[in-house]
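Taking the form predicted alone, here's one chain by itself in structure tokens.
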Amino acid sequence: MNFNSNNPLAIKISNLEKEYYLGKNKFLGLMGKISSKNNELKKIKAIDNISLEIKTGDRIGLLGHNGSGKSTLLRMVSDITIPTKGEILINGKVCSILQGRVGFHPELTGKENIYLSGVLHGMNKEDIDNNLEEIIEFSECRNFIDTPLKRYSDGMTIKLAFSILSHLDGNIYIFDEMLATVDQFFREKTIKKIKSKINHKNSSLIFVSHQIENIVELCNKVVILENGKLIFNGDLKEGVEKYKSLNQ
């Protein structure tokens, strides 16, 4: 899909599957010849035949236990991982912070990573120059901005990543467990910024968190995955209750 403000859909997912192999790949030489059937690789479906439509302006809380397929789904929507089967149609520009995948280089400084990540997300140098001071200020990393990122804590890295993302002009925002490693003050500031960002252009949001209070505050719908399958897609309150029942 191409972006069209009159199009009610932001994302359309059809019959999506993603398979992974368990175990180590075999060598093509001698080891491959002497391997027995007992050593053959097994396949698992991280995503199992999911179909889902997300409308423009929807704010989706994506829930599920660890290993349910949430991060795999978001990597495919963000065009980082290729589906085994199925199709994903995107109506707009996706801006995402995925757990452990924020587009940074550990040897570069915080400031250098602002430019690197900004360019990777479609910003030009002039845009980054104009927003640089605001990005640094929001990130709360000014004292470390000329320090290599490998010396940053997880929380500092997420703060810098979100600060960059908050200055991007997108239509679909994706956040995967981004608030788990930051302090309460930054968490509240971030939630306020997300609300402002998505309300400004009626953007869509997919938000992953095990902290239900964050889901309730930011989202209007819930999607639940279990063992790679879609088991719930609907109302926020009903979805939260459904998720809580899975933990009992």
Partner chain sequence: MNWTYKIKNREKNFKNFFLDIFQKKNLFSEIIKKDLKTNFAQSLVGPGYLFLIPFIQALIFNFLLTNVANVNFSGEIPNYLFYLSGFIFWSLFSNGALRGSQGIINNIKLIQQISIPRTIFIISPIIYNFIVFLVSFSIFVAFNIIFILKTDFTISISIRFFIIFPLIAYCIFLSLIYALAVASLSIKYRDIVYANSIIIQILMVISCVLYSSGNLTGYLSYILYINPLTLIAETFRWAWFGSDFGITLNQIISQLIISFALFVFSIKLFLNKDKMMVDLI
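Residue numbers count along the first chain shown, from 1. The shown structure was predicted, so the numbers you read here are calculated from the model rather than taken from an experiment.
Omitted from view is the form predicted in complex with its partner chain, to which the following refers.
Of the residues given (M123, I136, M156, L149), M123 alone sits with a heavy atom within 4.5 Å of its partner chain in the model of the complex. In the model of the complex, at least one heavy atom of H105 sits within 4.5 Å of a heavy atom of its partner chain. In the model of the complex, P83 approaches its partner chain with a heavy atom inside 4.5 Å. Under a 4.5 angstroms non-hydrogen atom cutoff, its partner chain in the model of the complex lacks G170 among its neighbouring residues. With a 4.5 Å cutoff on heavy atoms, D129 does not count as touching its partner chain in the model of the complex; it lies far away. Contact check for E188, E213 and L218: none of the three has a heavy atom within 4.5 Å of its partner chain in the model of the complex. Residues R75, M76, V77 of 62-77 are found to place at least one heavy atom within 4.5 Å of its partner chain in the model of the complex.
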